[in-house]
Ligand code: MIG
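Below you'll find only one chain, the form predicted alone, shown as structure tokens.
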Amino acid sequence: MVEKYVFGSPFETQAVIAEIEAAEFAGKEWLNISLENGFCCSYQMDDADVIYGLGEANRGINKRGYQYVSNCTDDPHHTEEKVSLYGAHNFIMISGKKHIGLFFDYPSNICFDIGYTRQDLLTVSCEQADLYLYVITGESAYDVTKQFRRMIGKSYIAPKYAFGFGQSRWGYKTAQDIEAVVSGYRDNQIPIDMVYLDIDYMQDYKDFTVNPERFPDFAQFVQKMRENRIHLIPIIDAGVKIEEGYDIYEEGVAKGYFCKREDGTDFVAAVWPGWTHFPDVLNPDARAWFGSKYKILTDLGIDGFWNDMNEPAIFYSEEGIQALNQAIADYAKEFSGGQGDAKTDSDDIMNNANAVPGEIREMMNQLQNSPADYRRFYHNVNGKMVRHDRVHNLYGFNMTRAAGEALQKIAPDRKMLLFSRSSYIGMHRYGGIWTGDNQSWWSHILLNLKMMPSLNMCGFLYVGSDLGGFGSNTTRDLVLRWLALGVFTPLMRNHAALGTREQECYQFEHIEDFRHVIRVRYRLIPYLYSEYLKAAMRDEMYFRPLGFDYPDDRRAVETEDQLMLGNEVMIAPVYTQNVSGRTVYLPEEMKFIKFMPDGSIYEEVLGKGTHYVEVALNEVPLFVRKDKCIPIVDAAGSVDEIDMSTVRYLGYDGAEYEMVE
């Protein structure tokens, strides 16, 4: 059952598309709501209650014991104390004696204190009491999730090629760089379907442009790659460069399609291109205009995009720089006792770190993604000017919505790959997400794993993380272990930052190990894509916590380093350095499967309980549930080359599998 309550004057986020009649909130004995200072909702948790949800959030699958803030944030250092990441997914579920889902449809900062301040109390609070609250009750955690998924609409379905392996790196600057990457994979017989273009492919970091010196005759190059069964996937950033003669800039200014300051002038901030404007994607006309520009690249043969920097990220603003310069100038006068040249004094200060006062250092640190900047610009929403910080979490959603709606018109008969860094619930109808700029840390394999079911609860099915880690220098064993998890995530992409160690699979010794692991992905694509389609079409989850399937087994409920995949498989990746295997808990009898490096498949039936399973670096493990089976095929070099005539079934004898294509 779903109940909808209206508080104040909510902003219409369009996260929920189901028609649900609002009721007057008359109070519930188990839910306390206060409107005295903004909005505050509290719930007394039982000791056994598990709190699921929040999509892309830090820490565990069970969110108890910490606080989380929905505030789309460009922060690449995902350490345990961080309370905000790139997405804002305000759905939580209490699972215990009762199963209750709560969706707070509120597009600005909202805090979830889940046993942090007081261990037995869940408190959700936000500054303005203007929101929709949806209360969902059901028979189980999965029942509540399915009801929520029906409320928010069907999930985006990616093209089948997008289940192939992709290679990316910030720093592929030329067509020759891309060709070298493709040759590195093809020459070593490692399957690959996609190569991603980061910001270096653009002309001066301008959206919807291609650098003609680095990529001469781009359309011909795209076609050449397609003939080699490679899809090129370019990045699109949120900021539009301010430059006379740049048609998108000039057209956006002329039509009033950029975000404004309070005085009506276009807001200016610095990102990769330098000074930029932000398209006002909350304005339907501006959203349609910006989305239409993707045709510039689809006309050149592109059939996939990744949207980035769309929190939106801000390096600094004009106002921020002016305030910093004024603070330095003022202190320079004080520093010199009012004597001497202000510029010389400022230079002396900046060259003497000990002379810089703490408040100026803090101003310098806070230039990037400053809350003050988010209060400085506005959106035109149906003729009303809305300050950005009131709707901050909707920007990435609506940028990707702009692309998704436009691509449906540009190529109505073709599925396009589309995913984003920043998101809000509702964006799942238009594209997937990747979990942003992670690090080459072993702990981030586990964080990757734990985010997957929470994102699925919120409708995001085409999801994945930067395999091998984006920031920091990776290691061979870390890449192999992470790839063994990535075999199962819908988005399987190796991505690294400029200046880090090269981590393409052919850069390491014993390339055959990488070849084998990625070939396992291609052997499983018929099963993985079938389960993905079922989840999308039936409002189900591709990944689930064990507690969803075994709610009466406390050990299963508390297990967070294993996931259910589809209706047949459990995965338990190795995420620890220098180990030969790991301990797994089986809530029921299962068949332990390992894809061995010589192409054979190891099978062993294991009973309910705890087992230590050996998994070498070049092996891919999974578990098939009792009386189930899955389809596998022969390995292929690309998705288009998968030969379905080679399909056979792996698992329990006599079991049947429903294939969806």
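Everything quoted here is computed from the prediction, not taken from an experiment. Sequential numbering from 1, following the sequence displayed.
Quick note: we don't show the form predicted together with the ligand, though the next part is all about it.
Checklist entry - Do heavy atoms from each of Lys450, Met570 and Tyr585 fall within 4.5 Å of the ligand in the predicted complex? => result No, the whole trio is out of contact, none within 4.5 Å by any heavy atom.
Checklist entry - Here the chain is shown alone; which of Glu405, Glu540, Asp561, Asp198 has a heavy atom within 4.5 Å of the ligand in the predicted complex? => result Exactly one residue meets the criterion: Asp198.
Item to check | Of Phe112, Phe470, Phe215, Tyr462, the one that lies within 4.5 Å of the ligand in the predicted complex (heavy atoms) | outcome: Checking each option against the ligand in the predicted complex, the one that comes within 4.5 Å is Phe470.
Item to check | 4.5 Å heavy atom contact, Phe267 and the ligand in the predicted complex | outcome: Phe267 lies outside the contact set for the ligand.
Checklist entry - So in the predicted complex, does any heavy atom of Trp441 sit within 4.5 Å of the ligand? => result Contact with the ligand, no.
Checklist entry - If you check in the predicted complex, is His495 within 4.5 Å of the ligand, heavy atoms only? => result Judged by the heavy-atom cut-off of 4.5 Å, His495 is in contact with the ligand in the predicted complex.
Checklist entry - According to a 4.5 angstroms non-hydrogen atom cut-off, is Ile235 in contact with the ligand in the predicted complex? => result Taking the distances in the predicted complex, the answer for Ile235 is yes, it comes within 4.5 Å of the ligand.
Checklist entry - Which of these stretches, 92-100, 296-304, 391-399, 430-438, has heavy atoms within 4.5 Å of the ligand in the predicted complex? => result Flagged stretch: 430-438.
Next on the checklist: Given a 4.5 Å distance limit between heavy atoms, list every residue of 290-313 close to the ligand in the predicted complex, or none if there are none.
Outcome noted: Going through 290-313 in order - heavy atoms within 4.5 Å of the ligand in the predicted complex - the hits are Trp306, Asp308, Met309.
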